[in-house]
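Let's start with one chain on its own, the form predicted on its own, as structure tokens.
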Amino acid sequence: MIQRVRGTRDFTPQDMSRRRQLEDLLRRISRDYGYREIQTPVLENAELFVTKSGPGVLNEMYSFEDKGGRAIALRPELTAPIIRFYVNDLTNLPMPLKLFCISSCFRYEEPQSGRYREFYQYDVEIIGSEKAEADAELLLLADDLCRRLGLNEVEFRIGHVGIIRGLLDAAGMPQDRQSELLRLVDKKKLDEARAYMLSEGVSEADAGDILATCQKKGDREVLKGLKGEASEYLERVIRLAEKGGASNLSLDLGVVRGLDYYTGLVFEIDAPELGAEKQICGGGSYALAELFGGQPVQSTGMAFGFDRLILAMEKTGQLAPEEGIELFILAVTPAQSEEMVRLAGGARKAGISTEFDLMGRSMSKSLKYASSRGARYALILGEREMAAGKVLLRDMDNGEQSEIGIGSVVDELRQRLAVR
């Protein structure tokens, strides 16, 4: 037996019904905020991701040489492809460019609970704005999405890379040495961060102050005593988002990024309802277009883990059962088969989701199948009824049956379905 590739999944009809429910919600909220959907190729030049994240990222990707000798990779994330698309083809569009994408990504890492080699993301990007309003809108969209998912206990942990970089500048650490320090802070390796700062000539006192700042958490009071544009900007973003109705926003100055292209606000979103796998989103402000050969442009974006959102909807009871059909038609004998197919065609043209019997089973078995498909009504074509120009319409919820004229099937079903 040939098995599926490790780290991938098959999705049942019920799984796909649930996933489509979430996709519908994501598309609806994106439209509500004025974002437009795009798609990028699954295959990209490996150079795109190496340029963004360094050669070490090759160990985490599915990368290979194609028949033309080109280094190709399955995309491990969506931000780099979206900015590559922007640089290639979208620079003439009016700014800001507000885009979203729901797509699969691939990473070659050890599969574990809740983590797969093929996974899915909901990615949202604002390209072309340096304003606090852009960062605030992203927080508002994320907050709104969490509310619609029933996640009322989410926690936004928000920081700004400029705050720590400003302190490192003042302490005399060269800017080209700061990213490693930020990486250590981001991974909460504070002892290693202290040793690194000392090795780079930062004084013991300054190192202590910087690490103390990295551990500050709370509301806007956290920013009191901090000077500079970064803290003022961050305070304005939070104020704007709160004015727009966002809640559960908290500052965590230890949320930083150890990559040079991150330029300002950074944030993560946790949903405690999900237990150990509680982080559902990460985002921030960045500048990537210049790295990919374009003109400098400021962007801000975020990516939600699609599978984490599915889990969240399950936990909060937001997922409806798999949607069934409205009508199932069965012929008691082969003599009624042609009329069965004709009636099904008419019902479908009227917008009524319809199946008809494909197996030639007994009436009891056909009705059992109709029930398993969630059919709301069954249309039974029997010899006696058909001879009188009628059919039996069975309500699958209560088992009640009534005779109706063959010519009034569609109208009768429309009325009943409208009442329901």
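On a predicted model such as this, the values are computed, not experimentally measured, just so you know. So that there is no doubt, residue numbering starts at 1 and follows the sequence shown.
The same protein has a further form, the form predicted together with another copy of the chain, not shown here; the description that follows concerns it.
Is there any non-hydrogen atom of Arg84 lying within 4.5 Å of another copy of the chain in the predicted bound form?
It does: once another copy of the chain is placed as it appears in the predicted bound form, Arg84 has a heavy atom within 4.5 Å of it.
Considering non-hydrogen atoms and a 4.5 Å limit, does another copy of the chain approach Glu385 in the predicted bound form?
Although another copy of the chain is absent here, Glu385 would stay clear of it in the predicted bound form, with no heavy atoms inside 4.5 Å.
Heavy atoms within 4.5 Å of another copy of the chain in the predicted bound form: does Phe106 have any?
Answer yes; at least one heavy atom of Phe106 falls within 4.5 Å of another copy of the chain in the predicted bound form.
Please check if Phe356 has a heavy atom lying within 4.5 Å of any heavy atom of another copy of the chain in the predicted bound form.
Answer yes; at least one heavy atom of Phe356 falls within 4.5 Å of another copy of the chain in the predicted bound form.
Spot the stretch among 171-179, 231-239, 198-206, 268-276 with residues whose non-hydrogen atoms come within 4.5 Å of another copy of the chain in the predicted bound form.
Selected stretch: 231-239.
Considering Ala375, Met61, Leu26, Val391, which brings a non-hydrogen atom within 4.5 Å of another copy of the chain in the predicted bound form?
That would be Met61.
Which residue, Gly345, Gly225, Pro321, Gly114, has a heavy atom that falls within 4.5 Å of another copy of the chain in the predicted bound form?
None of the other options qualify; the answer is Gly345.
Going by another copy of the chain in the predicted bound form, which residues of 64-93 come within 4.5 Å of it through any heavy atom?
Result: Phe64, Asp66, Lys67, Gly68, Arg70, Ile72, Leu74, Arg84, Phe85, Val87, Asn88, Asp89, Leu90.
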